[in-house]
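Taking the form predicted alone, here's one chain by itself in structure tokens.
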């Protein structure tokens, strides 16, 4: 067989022309230790903090993780999934990407995990944008003072401890005192507003979250809400990431100039998850076995909630973090940390809850550091006296138990306090528009309910609101105006109360 030199050269030339260099550089390490959701990898010398790491088998990613401990003899990685799929000696690939989550309108009405992956049955999420999970909070220059109210629909809160858009208001109390109920009622109350609610469930039972989703659907607010779920059965790493992921989703809308309400339920479990991770990563424990940076864990999260000035889009994130106390101890480590970071707290008391006061709000210990700046003018005028009257009633009530002979003034104050307390009771999933709140509180604060028997106060309230909707629609409209409660409007409202009370008696 004769070899044709020209043919071989031509073939070699063609091969060289079409040859593509498929060489790629990869930063690869090897698993040295694995267990309890933590992996120690050697060989990833150039990896960054919070960088994503992929564990592959046969070129397929089986599970991913995040670098959290950068040591001289290896890298500590938390696994965002099932760590039992990883074996000693497996390869770990650094991606060069910082942990980020999908954000955007595509997430509205969806239930997702902290990585932005679907947990509902509505198909995959096709979000076009990704935001980093960790982000530096807005600076002082970009913010403005909180002054626009965020109505919760709960009389006791909107009147005495108002919340503004961009505020961080802590909900604190023992287990089973109605902390989540307040947060969910606030979300339901945003149904007809432009506020986008995000509910972050951290280490919660899936059955509890399923019930919450049913309620949100029933009240037609789920379509504009995002639920981020790190369930009780999920790895601690997902509970640790969940609030930051929820905050990243909120920041997308804030950057569009929109207002967001985010609920972190709850940060006690978040701190527990971080403590678990830190101890497994062999970080030195401090007070109550928490790591030294536990304060920074929550401060860097909650400082991302802000009201941006109009020069920076004017959007806002309002945060309602929840903290669970043990036997009412607000001086424990995590509660005091979060109290010092937030702009006030709603303190729920177990004793009040068992007495039938719902929401079980302790008016003396609860506070809003924004105050009446976040109230409409009519509410400001009506609620001014309310806090003092309630605080005085609580003191007098304790004192009156030991005294049988009371003067007329004390009896009068006690009767007023009882009526105010009764009026501030509210059923779950029944938020009330702020103008209706002003109308009923005006009647109580000005002593117009003194003739109504205590046990019939709730019945009177229900009837009076229906009466106003039919006969005093204009009064309700005028109460929401910036002019507030003018002398003329007050006279009309007073007349309505007197007229209805007379018909209620008969």
Partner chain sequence: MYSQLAYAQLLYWLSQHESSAKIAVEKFLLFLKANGDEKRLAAIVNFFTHNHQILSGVLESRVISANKLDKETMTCIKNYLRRIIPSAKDIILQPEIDTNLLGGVKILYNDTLLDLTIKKQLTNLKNSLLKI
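Predicted model only: the values in this text are computed from it and were never measured. Residue numbers count along the first chain shown, from 1. Each form is matched to the other, and the largest set of C-alpha atoms that superpose within 1.5 Å is called the rigid core.
The same protein also exists as the form predicted in complex with its partner chain; that form is not shown, yet it is the one meant from here on.
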Only one of 452 to 460, 31 to 39, 466 to 474, 53 to 61 has residues with a heavy atom within 4.5 Å of its partner chain in the predicted complex, and that stretch is 53 to 61
Residue-level contact is defined here as any heavy atom of the residue lying within 4.5 Å of its partner chain in the predicted complex; does residue 407 satisfy this criterion?
no
So in the predicted complex, does any heavy atom of residue 445 sit within 4.5 Å of its partner chain?
no
Would you check, heavy atoms only and a 4.5 Å threshold, whether residue 289 touches its partner chain in the predicted complex?
no
With the cut-off set at 4.5 Å between non-hydrogen atoms, does residue 72 touch its partner chain in the predicted complex?
yes
With the distance limit set at 4.5 angstroms and only heavy atoms considered, check whether 176, 181 and 218 all reach its partner chain in the predicted complex.
no
Counting any non-hydrogen atom inside 4.5 Å, which residue from 393, 312, 93, 244 sits next to its partner chain in the predicted complex?
93
For the stretch 25 to 54, return the residues whose heavy atoms include at least one within 4.5 Å of its partner chain in the predicted complex, in the order they occur.
25, 26, 27, 28, 30, 43, 44, 45
Using a superposition on the rigid core, decide whether the Cα position of residue 11 changes by 2 angstroms or more between this form and the one not shown.
yes
